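What follows is a single chain, given as structure tokens, in the form predicted on its own.
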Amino acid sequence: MDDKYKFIDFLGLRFNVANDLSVLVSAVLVFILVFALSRKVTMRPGKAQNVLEWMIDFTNGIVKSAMPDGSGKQFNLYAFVLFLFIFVSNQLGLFFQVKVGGFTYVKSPTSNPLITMGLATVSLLLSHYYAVKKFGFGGYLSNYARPVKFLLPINLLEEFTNFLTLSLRLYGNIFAGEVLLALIGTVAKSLGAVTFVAAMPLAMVWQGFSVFIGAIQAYVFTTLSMVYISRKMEQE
């Protein structure tokens, strides 16, 4: 896509306005969603509370599948927030984009590799932090030489590949979906009413499929994050 972006320089750092606004919009939408569903919490839950409890049970199930011994309960909230944020971020650009004066201001945050790399960094840093907390720094380092010492280079390389696969898988799927939607939109405008009518069903089908892909990618990212954390908290 040939999107143009505004940049702001602050304290020697350069910020992409579209990335910052898109992340902020996604975070606000997640807050509004959870706040709306949890306004009237009762012993006999209504429809809104049932939806919220289902989402919590769903993400708790992701954590439990990765850490069945019960040690993962401390990550339940993280998994819940992570899944909702990524899900909303994946869908944002499908239904809501803001372009002013040829510049993009709001889109799917996860269609930018810097955002997905940031999310992957948070998950992987958490895995390292809790590994050090559990085994101590010496025990954490010794895990890289397990089960045999000659696997040390491979284990170190695996840390880098985990980061790349976790971040770029999410980015690639969301970016590709938005590119195809943009191409369909271009085709729809190419020959007037004829191509517009022909492209509309295709755009609707692809948009629905992109919603499904966005949900799957949120699930995959959250699941792999929990798996990486659980692996760091185990000794082979």
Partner chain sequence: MAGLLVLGANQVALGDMLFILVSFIVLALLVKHFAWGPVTKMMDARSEKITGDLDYADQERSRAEKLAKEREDALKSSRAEAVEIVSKAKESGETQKKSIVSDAHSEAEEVRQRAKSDAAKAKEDAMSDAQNDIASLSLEIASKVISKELNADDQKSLIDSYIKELTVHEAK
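Just so it is clear, the model here is predicted, and its values are computed rather than measured. Numbering follows the first chain given and starts at 1.
There is also a form predicted in complex with its partner chain; it is not shown, and the following applies to it.
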Its partner chain is absent from this chain, but in the predicted complex, do L124, F137 and S230 each have a non-hydrogen atom within 4.5 Å of it?
no
Quick check for you: of 193 to 201, 206 to 214, 180 to 188, 57 to 65, which stretch puts a non-hydrogen atom within 4.5 Å of its partner chain in the predicted complex?
57 to 65
Is it the case that F87, even though its partner is missing from this view, gets within 4.5 Å of its partner chain in the predicted complex, heavy atoms only?
no
Just checking whether Y78 would be counted as a contact of its partner chain in the predicted complex - the rule being heavy atoms within 4.5 angstroms.
yes
So in the predicted complex, does any heavy atom of Q97 sit within 4.5 Å of its partner chain?
no
Would T223 count as a contact of its partner chain in the predicted complex, using a 4.5 angstroms cut-off between non-hydrogen atoms?
no
With its partner chain left out of view, choose which of L114, V132, L156, A145 has a non-hydrogen atom within 4.5 angstroms of it in the predicted complex.
L114
Could you pull out the residues of 39 to 55 that have any heavy atom within 4.5 Å of its partner chain in the predicted complex?
R39, V41, T42, M43, P45, Q49, L52, E53
